[in-house]
Ligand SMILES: Nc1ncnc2c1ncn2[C@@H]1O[C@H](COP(=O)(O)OP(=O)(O)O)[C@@H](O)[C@H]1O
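Only one chain is given next, in structure tokens, and it is the form predicted on its own.
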Amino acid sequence: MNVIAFVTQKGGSGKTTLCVNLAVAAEAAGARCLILDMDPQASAEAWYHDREAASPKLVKLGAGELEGAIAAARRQGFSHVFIDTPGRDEPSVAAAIRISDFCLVPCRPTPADMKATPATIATIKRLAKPAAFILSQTPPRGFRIKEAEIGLAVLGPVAPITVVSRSVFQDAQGAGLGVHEFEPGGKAAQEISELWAWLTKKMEKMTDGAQKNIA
């Protein structure tokens, strides 16, 4: 089972949007997914309540319940767990990082978001967890994207996929859907598919490396 945490100490970075959309994409690809909503704002939980489909499953919980929820997910045969965390520094964020196999750090290409990233990365490095930035809510093109990629690369790996700010993300979330379901042939769905494919390969390489170390 793979545990993926979406973490950044900056609100409005797109953690929930990426979390629920990647979970929907993963389910469409044959995975069995569980979303754990640790954010007090409970945006993922609100999306889940608006949703008619039975999957992916979602549980709202606090930091003290996290280990038990992960253990239960293993017993129940989930292949992936996605953790949506608060957009500020608090114990639940460190708990999610500690229990995860991989951390995805959403970041908008803005000065405020860029300045907020070092604290998150410091926690990830302290807990020795693999991670990557993902540029989210970006303009379709422009110099800000490249500048942000260069700046973030100083701190850690940057995913090669950029998720553009599109109204379809808000429309889909308001309907309790993923962009794959709301607009299957759209550019947003394509970006999420590419991000999921990249993330899947990262997780496979990590698993292969761990098995080689054991051998």
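In case it trips you up, residue 1 is the first one in the sequence shown, and so on. Being a predicted model, the structure only gives us computed values, none of them experimental.
The same protein also has a form predicted together with the named molecule, omitted here; what follows describes it.
Note to self: Is R32 near the named molecule? Define near as a heavy atom within 4.5 Å, in the predicted bound form.
What the structure shows: Judged by the heavy-atom cut-off of 4.5 Å, R32 is well away from the named molecule in the predicted bound form.
### Task
Give a yes/no on whether V163 approaches the named molecule to within 4.5 Å in the predicted bound form, heavy atoms considered.
V163: contacts the named molecule in the predicted bound form.
Is there a heavy atom of W47 no more than 4.5 Å from a heavy atom of the named molecule in the predicted bound form? Contact check for W47: no, nothing within 4.5 Å of the named molecule in the predicted bound form.
- prompt: According to a 4.5 angstroms non-hydrogen atom cut-off, is K10 in contact with the named molecule in the predicted bound form?
  reply: Yes.
Heavy atoms, 4.5 Å, the named molecule in the predicted bound form: which of 53-61, 169-177, 22-30, 142-150 makes the cut? Say which one.
Residues of 169-177 come within 4.5 Å of the partner.
Heavy atom contacts to the named molecule in the predicted bound form at 4.5 Å, residues of 13-45 in sequence order:
Heavy-atom contacts within 4.5 Å come from S13, G14, K15, T16, T17.
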